[in-house]
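Encoded as C-alpha cells, the following chain is the form predicted alone, with no partner shown.
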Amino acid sequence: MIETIHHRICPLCEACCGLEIKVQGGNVTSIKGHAQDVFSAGYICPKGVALKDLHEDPDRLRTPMIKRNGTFVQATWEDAFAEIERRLPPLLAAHGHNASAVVVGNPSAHKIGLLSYFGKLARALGTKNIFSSSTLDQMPKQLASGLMFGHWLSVALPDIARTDLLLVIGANPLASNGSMWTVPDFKGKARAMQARGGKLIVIDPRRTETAAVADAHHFIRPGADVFLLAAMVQTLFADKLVRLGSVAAWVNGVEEVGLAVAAFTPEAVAARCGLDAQTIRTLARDLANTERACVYARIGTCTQEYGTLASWLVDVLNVLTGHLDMPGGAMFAKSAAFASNTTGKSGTGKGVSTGRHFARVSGVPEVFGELPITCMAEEIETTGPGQIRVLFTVATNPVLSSPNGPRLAAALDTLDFMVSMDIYVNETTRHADVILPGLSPLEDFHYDLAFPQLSWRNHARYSPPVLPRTDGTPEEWQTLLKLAAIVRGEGAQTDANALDDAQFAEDSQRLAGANAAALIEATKGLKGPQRLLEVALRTGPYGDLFGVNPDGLTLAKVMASNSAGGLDLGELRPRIPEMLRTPSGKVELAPPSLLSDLIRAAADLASPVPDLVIIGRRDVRTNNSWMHNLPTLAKGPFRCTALVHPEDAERLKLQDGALAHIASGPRSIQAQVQISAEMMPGVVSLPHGWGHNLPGTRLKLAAQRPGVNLNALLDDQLRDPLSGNAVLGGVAITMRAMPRGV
C-alpha cells in the first residue's frame, strides 16, 4: 500500500501545532511534529499524537443517537432530523423562543464550521439564553480587554521572542502551551529568553511546571492577585516610575488609576497576599526598570471573584511601565482573517457594552452576548415565563466542567427536549433526547478562526482533511443550518447548501452592495466556512482585495502553503492606535465599572483568610474531560489527586495515597491525597474535568479511573460580578482523612 503524508494543525489545545501525519490503507501510521511549520517549528506534545486515538476511539459516535424509552439507539441522519422537527417546533410555539437555550464548549473554538455557523442557530432561536465555557475560564480577560482596547479579542500578548523579563501570574504555559496566548513550545522559548540573559518569574500558589523552570517563584494566596497587582501599580506611582512610552498620546485615565490604587500599599496587602512588602516593591521596580518586559496572567487570575479586576490590572501594569505595544513587551497579533480590530475604520469604534439583557432568575447581566453558565441550572429549574424547556449543547460537558454539576444534571433531566452535537455520550449528553455526532478532526478541513488573533507570531495556515468523511455524514456547519431551518419552521428536508447560498447572497449584498454579484462569482465553487474564509482572507489586512493587491493573500495561496508549513506573516509589530476600537480612539485605562469594583476589593482587603482553600490545575495530558478516554493520554500515573503540602497533611493527619473527605458548605467529595511540597501551605489542588463514574455514559477507558469532580464541590452562585465568570479557585474547604477501606 502507498503511504501518504499529510500536514495538519492540531485542534486539541490553543498551541495549534503543525503535525505531519502518515496514512497507509486508510489508517494513521504515525504522527509527529511538522519541522517546517512556520508557527510551531516541529514542536508537539502528547495530545497531537492522540489524534489517532480520537479518530479510532470505539466510543466516538459515528451515527446519530435517539433516546427511545430511556435508552439510546442508533439512527439515520434523516430520522434524527425528523425527530427534532417533530418535537422542537411545538415547544417553541407553546412557550416562546426564550424557553430555549444554547450552550457551547471550547472544542468549537478549534472547528471553523462550528465557530462560524453556531451563531446562525442562536439567531434562529432568538433566545437570550446563550451560555459557553467562556464564563468558566476567560471572560474576565475578554471583558477587560474590550473595555480597554475596544474589542473582546484585542488581547495584549507577551512578545516572548524579544522580552527580557516575563512575569507570569496564575498561569502555567508550560503545561497549557498558552491560554489566551497561542505559544507552542513555551519551554523552548523561555529557555531562549533565559539564554540571552532574560528572566522568567512565576507567581502561583503551586510550584507549577512553569515555576520549576523559572528564575524565581513566589507563592501567593489564591484570590489575592488583585491586591498584589494593585500594590504593584501603587508602587509605580509612589516611586514615580510611571512611563507610558510610545503609547503616551493614546492613553486616557492615568490619574484616575493612581487615585484608585492609593490605598493598596505593599504593606497593606502583604498579609493578604502572603508576600512581603519588599518583594512586591521589587517586582514592580524590576518591571519598570527593564526595557523589554511584560506581565502575563491567565486562568488562576480569571477564575476568582476579582477576575476582571486582576485581568485589567495586568494590562495597567504593562501600560504604566511603557511596555504596551512595544517589542519585547505586550503586543497585539494581526490576524489574516476574521479579526474585528483589522476591519472597518481603524483607530476608533463602538467599543464594548454589557447588560443588554439580564438573566431571568438572578438578574445578572449578559457579557459578550452570553449569560454566565452557572445560571443555567436555575433557569431550567425556576418556573414561569421564559423557563428553559429546550436545550442545545454543542461540544460541551458542563456537568463536569461547571460548578455544582450534580444540580445541573438533575435540572437537565427535567427538560422537555434536549439536542446535543457531540462525539461522545458523556456526563452531559447522556441527558439528551437526540445526539448528532460531529466529524473526527481528521475528516474535516482546519483553519483557526480565533487563535491567530492570540498568537505569539503572525501566520496563516490551512489543513485539508486527512481522511474522507463517512458516507452520509454532514459537515457540522450543515448540521447547524439544518437545525436553524427546523427552528424557523422551514422543515428538516431543507437543503443546507441551498440555505448557505441564499444566506451568502444576502451577506454579499450587505458587504459589497452593487458589487454583490461579482463577489458571488469570485467565490463560485466554495461552500460554507471555506467561502467565508476566502472572503475574510482576501479582504483582510494581508489580502489581495479581489485583485487590487495581486501579491496579497487568497485562500488558494494559503492552501498551497500547507506542505511548507503555512505562511509566516512576521513577528508582532506595534499596532496602536490603528487597532483600537474604543469610541475615544484611546486606550481606556480607567473604565468606570472597574474603578467602582476596586472599591469592593479595598473593602475586602481586611477580611480573614481561610485556613484551607482549594484550587484547580491542568495537566498537559488531561486539559479537558473528553481527553480522558484516549489511551495515549490516559496512560501513566493517576493524575486526579489532591495535592497537599506536608505541613497541612501532618496537621490534618492525611496519608499519601489515602482518601480524604473534602467539603465546602453542603457539598463534599472524596479524593486521593498526594503529599507535595510544590503546594503553598493552606492550599490544596485538584484537577478539573474528572468524575467519569456517572451512570449512562459511554466512556469505557475514562471510567476505569474515573477520578473525582472538583466542580461538584463548588458553589454555582459564586461569580465575578463584572464578567459573570465562575469562581473555581480560592474556595474555602475543610479536609479530613477517610478511614482505611472506605
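Computed from a predicted structure; not experimentally measured. Position 1 is the first residue in the sequence shown; the rest follow in order.
Although not depicted, the form predicted in complex with a small molecule is the subject of the following passage.
- The chain is drawn here without the small molecule; in the predicted complex, the stretch among 662-670, 480-488, 162-170, 579-587 whose residues come within 4.5 Å of it by any heavy atom is 162-170.
- In the predicted complex, the small molecule sits beyond 4.5 Å of every heavy atom of residue 158.
- The small molecule in the predicted complex is not approached by residue 323, whose heavy atoms all lie more than 4.5 angstroms from it.
- Residue contact with the small molecule in the predicted complex: residue 619 places a heavy atom within 4.5 Å of it.
- Proximity of residue 232 to the small molecule in the predicted complex: non-hydrogen atoms within 4.5 Å are absent; the residue sits far from the partner.
- This chain is displayed alone, yet in the predicted complex one of 540, 107, 529, 266 has a heavy atom within 4.5 Å of the small molecule; that residue is 107.
- Site annotation in the predicted complex: the residue of 273, 423, 553, 411 reaching within 4.5 Å of the small molecule with a heavy atom is 423.
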